[in-house]
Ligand code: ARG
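Quick setup: one chain, the form predicted alone, written in C-alpha cells, and binding and motion questions come after.
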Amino acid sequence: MLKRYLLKIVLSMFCVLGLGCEQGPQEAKNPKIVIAVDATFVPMSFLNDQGELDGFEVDLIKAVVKNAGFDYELVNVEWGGLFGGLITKKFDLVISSITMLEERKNRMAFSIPYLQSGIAVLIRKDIKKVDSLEQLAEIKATVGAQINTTSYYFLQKYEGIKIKTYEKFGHAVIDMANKGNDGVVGDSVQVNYYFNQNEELIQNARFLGSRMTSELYGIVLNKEDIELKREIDASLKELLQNGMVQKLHKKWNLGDFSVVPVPN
C-alpha cells in the first residue's frame, strides 16, 4: 500500500511539472496575427451590406495568411491610424493599397508586390479643352483627393492646382457631382470602379488620359519581423504563380488600369 501511495505521489508530480501523463490528443493551434485594413476603398476593402469586411484585398490577405499557416484577426482602421498601429505593434500586417515608396521602405517592410496600379484622374465634362494636369493647373482648377495618399502628394507637383482634401475618396466624387470641385484624383482601381458603377458619373465626367503613374502595392510589416515577411512572401508568391491572385482580380473587376505582377 505504501509503495502504491508513493507511486501516485511521484506520478502526480510528473503531471504537475508537465513531464508525463498524456492528456489525450489536442489540436495544435496556428499562430494568430492581427491584420489592419482601411475599409473605405471599394472594391479593394470595404464593408458589405452585411457589415462584413469584403473586397479584393480582404480576399487576398485571407488566402495569403491561411496558405502560410496562420490564424488571423481582421480589424478595420482609418487610414490615418494604419502606420502608427503597425509601428506600435497593435497590428502585425497592414494591407490597404499601400504604394511601395522608398520613404516608406525606410520605416517599414513590404512584401513582394501583389498589384501594379497607379493614379487616374476624373474631371467634369463641362470643363472643355483640358486634356492634362498641366492644363488643369493653367486654369487653376480645384481637384479633390483623399488626404495623405499618393494621389494627394502627386497633385502637389502642380502649383496651379487647388487641392481640396477629403477623408474618403467617395466624398470627393460626391463633391464633384455637386460641382464642389472640378475633378478628382485617386487610385486607378478605385476611380475605375466608381466611374463604372455610377451612371451619373458616366454622363457627367470623363477620364483625363489614362493611368498617370505606375505603382506597386505590397503588404506592410514591421522591419524587424524578418521571419514573418519570409513566410508571407513565400505564400504570396505561390498564389501569384498558381493564378489565385489573377482570379481575384477578375472576380472584383479591377479593370485594365491595374495588373497582377509576375513574381521574380
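Position 1 is the first residue in the sequence shown; the rest follow in order. In this text the structure is predicted, and so the values were computed from the model without any measurement.
Unshown form predicted together with the named molecule; subsequent notes refer to it.
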Determine which one of 144-152, 127-135, 172-180, 158-166 lies within 4.5 Å of the named molecule in the predicted bound form, judging by heavy atom distances; exactly one does.
144-152
Residue (of A120, I123, I98, L86) lying close to the named molecule in the predicted bound form, criterion heavy atoms within 4.5 Å:
I98
Determine whether any heavy atom of Y217 comes within 4.5 Å of a heavy atom of the named molecule in the predicted bound form, and answer yes or no.
yes
So in the predicted bound form, does any heavy atom of W79 sit within 4.5 Å of the named molecule?
yes
Could you tell me if F56 has a non-hydrogen atom within 4.5 Å of the named molecule in the predicted bound form?
no
Using a 4.5 Å heavy atom cut-off, state whether K90 contacts the named molecule in the predicted bound form.
no
Partner contacts in the predicted bound form for 103-119 (non-hydrogen atom within 4.5 angstroms of the named molecule):
R104
